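The chain below stands alone and is given as structure tokens, in the form predicted on its own.
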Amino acid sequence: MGLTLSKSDALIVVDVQRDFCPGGSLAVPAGDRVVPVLNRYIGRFSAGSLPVFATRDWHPENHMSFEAYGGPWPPHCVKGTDGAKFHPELKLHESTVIVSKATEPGEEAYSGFQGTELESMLRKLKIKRVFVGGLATDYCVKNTVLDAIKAGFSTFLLTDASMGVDVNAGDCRRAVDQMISAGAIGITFSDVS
């Protein structure tokens, strides 16, 4: 494809946290495989002094998504815990903007845009295109991509740097189809010149 990055581009790394990686409380199978690929994207964006955002679940202990409070998931990414930390091998630079989401007990947020300042920060930087990858394809990546498209950003899905849960067989494939149908463009690192 031969995409040339410019000052109006931003990278959004979604929820690459310990609890979503093997050994974590809500692990994406082989979720840590996205780390080296994302590091290449981070390196490319950083080399061009282009903005990198990293979203994270930053839940209170009594979050509505947890089974004990009627949600579907085991406790995960509770703020301040080891499980909420980014994967130790994810090479986020000091300039990375951290976006915490789902920080209120009664507020769910699968998207990095939901209840955060992400959109306003992108607008302030005059960003036109966003490149999105991370965990998990069928939940937070999907919702972040769909919200980016709704907000009017040209949106690229990093298919080589996203991994899904596939709670139901085929969830990942359906999520990718939904994102592409909505207007996302699927790319891999080799497409970024």
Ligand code: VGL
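Since we're looking at a predicted model, the values are computed, not measured. Heads up: residue numbers just count along the shown sequence, starting at 1.
A second form of this protein, the form predicted together with the ligand, is not displayed here; the remarks below concern that form.
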- Would you check, heavy atoms only and a 4.5 Å threshold, whether D15 touches the ligand in the predicted complex? yes
- Query: Wondering, does A148 line up within 4.5 Å of the ligand in the predicted complex on heavy atoms?
  - Reply: no
- Message: Residue-level contact is defined here as any heavy atom of the residue lying within 4.5 Å of the ligand in the predicted complex; does F113 satisfy this criterion?
- Response: no
- According to a 4.5 angstroms non-hydrogen atom cut-off, is Y139 in contact with the ligand in the predicted complex? yes
- Query: Going by heavy atoms within 4.5 Å, which of 152 to 160, 31 to 39, 130 to 138, 44 to 52 lines up against the ligand in the predicted complex?
  - Reply: 130 to 138
- Query: What residues, if any, in 72 to 94 have a non-hydrogen atom within 4.5 angstroms of the ligand in the predicted complex?
  - Reply: W73, H76
